[in-house]
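Before any questions on binding or motion, here is one chain by itself as structure tokens, the form predicted on its own.
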Amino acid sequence: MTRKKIDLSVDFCGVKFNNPFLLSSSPVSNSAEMVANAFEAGWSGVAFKTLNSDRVRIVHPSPRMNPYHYGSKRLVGLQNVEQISDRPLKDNLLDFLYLKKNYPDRVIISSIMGFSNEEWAYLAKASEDNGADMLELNFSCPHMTVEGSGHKVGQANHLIEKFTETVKRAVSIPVLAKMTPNITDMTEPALYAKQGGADGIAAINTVRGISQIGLDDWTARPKVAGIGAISGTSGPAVKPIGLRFIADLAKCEQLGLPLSGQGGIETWIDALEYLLLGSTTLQVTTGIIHYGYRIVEDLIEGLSDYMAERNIERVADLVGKALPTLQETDKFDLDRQGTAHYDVERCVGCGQCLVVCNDSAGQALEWDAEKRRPRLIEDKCLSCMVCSFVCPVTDLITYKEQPKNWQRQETEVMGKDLEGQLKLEVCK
């Protein structure tokens, strides 16, 4: 059987990418040598580590990162106080020229951060003149040591619009606005970016957080000369937040701009979820820090195999496919109820389901001591499915939908009984 050719290329803001996978603006995209290695591995583009004009001296704190381990799980998150590029602007621009000469089919996105309106324009024009295919405006770094920059700009809508408009006037290449997740509603600042002329939106940057406190010195990590700080958290731990913001942006009809998604992407499944919620391109940092540039091979292979199995030829056809069924909770059909279903023949008798059901759910399980197996009391099951989350056997506990109005009938009977008891108490 001949396998159909899978097309992973995407058009993003009028620029063609060989595949949707990019390095995000971070330590993994700090120099031409690093980016060249990534391109050789298969990445289709890079958002180069954020440039500045050299007017403000950038010094990185030391140490600048700390891992977020959880139990036996390694690097479920990464805490960092990384600043923008501390390299001279000239060196970074020479890197652009080198990369475009040697990898003409790869996309260079210049991430920039100005400290004045003039600097935004200068950095934008300098990037375009030296080969950048696109710009990404860093309105989102959560821990800049220079006051009034990074996410502080991303929380000031008038500045987002002003600086975006300034950059758009200075260049002819597409402009992305990179939004901060350290707000409640990302659509509002994104609309201001659009009003300023942005061609697309990138989201999310790292989330302000604290992932560890030293128990010996009571100081947040990373500890810099005895001082900790609220700083950027990235990695799989923040993926649900990233997916939520991408979905919000994609569903905002007034916005209507293409999206570059990022936040916790390590596997092809992570990548697929971002695509299905509206991202056209995908940016990665912490996954590379954990596993190296080679993870792009797994991303490409996994996504390609999924598409082949589904008979989907173009990755672009996946973008936004999950959005029609993503609604607010008031759209749920509450007449459709269900219960957990147990395949007891496969049960290993660990009893974990009994513990969690009794302590955090509907107390809907009895224990058959002789058979060492759970027995479900369907009328009490809340269909929360927490039992399935802790079961060590895959798909042993599944969801079973009951006949329509099944749960409602039980509730009505309980309500009538309670009503009768209350009347009885009043009569007494």
Partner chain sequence: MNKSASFKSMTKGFGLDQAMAEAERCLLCYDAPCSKGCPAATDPGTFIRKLRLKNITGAIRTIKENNILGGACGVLCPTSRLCEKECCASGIDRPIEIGKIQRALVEHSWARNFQVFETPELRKGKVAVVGSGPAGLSCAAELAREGCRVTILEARPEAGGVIRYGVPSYRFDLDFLARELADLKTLGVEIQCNVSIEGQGGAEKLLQSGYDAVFLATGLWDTLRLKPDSGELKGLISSIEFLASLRDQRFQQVSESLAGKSVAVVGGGSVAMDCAEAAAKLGARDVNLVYRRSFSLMPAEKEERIEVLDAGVHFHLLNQPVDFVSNAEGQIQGLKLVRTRLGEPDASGRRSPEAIPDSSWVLDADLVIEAIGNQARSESPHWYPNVQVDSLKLIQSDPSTGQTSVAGIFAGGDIVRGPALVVEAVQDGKVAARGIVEYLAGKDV
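Remember, predicted model here, so these are calculated numbers, not experimental data. Residue numbers count along the first chain shown, from 1.
We do not show the form predicted together with the partner chain, though everything after this point is about it.
**Q** Examine I241 and determine whether its closest non-hydrogen atom to the partner chain in the predicted bound form is within 4.5 angstroms.
**A** Although the partner chain is absent here, I241 would stay clear of it in the predicted bound form, with no heavy atoms inside 4.5 Å.
**Q** Give a yes/no on whether K73 approaches the partner chain to within 4.5 Å in the predicted bound form, heavy atoms considered.
**A** K73: yes, in contact with the partner chain in the predicted bound form.
**Q** Would you please decide whether Q352 lies within 4.5 angstroms of the partner chain in the predicted bound form, comparing each non-hydrogen atom pair?
**A** Yes, Q352 is a contact residue.
**Q** When the contact criterion is heavy atoms within 4.5 Å, does P392 count as touching the partner chain in the predicted bound form?
**A** Although the partner chain is absent here, P392 would touch it in the predicted bound form, with heavy atoms inside 4.5 Å.
**Q** For the chain shown here without its partner, which stretch in 112 to 120, 305 to 313, 352 to 360, 336 to 344 has non-hydrogen atoms within 4.5 angstroms of the partner chain in the predicted bound form?
**A** Checking each option against the 4.5 Å cut-off leaves 352 to 360.
**Q** Taking 4.5 Å between heavy atoms as the contact cutoff, choose which of K400, R375, H60, R372 touches the partner chain in the predicted bound form.
**A** Spelling it out, the residue with a heavy atom inside the cut-off is R372.
**Q** Can you pick out, from A229, L94, L326, V348, the residue that has a heavy atom within 4.5 Å of the partner chain in the predicted bound form?
**A** So the residue touching the partner chain in the predicted bound form, by this definition, is V348.
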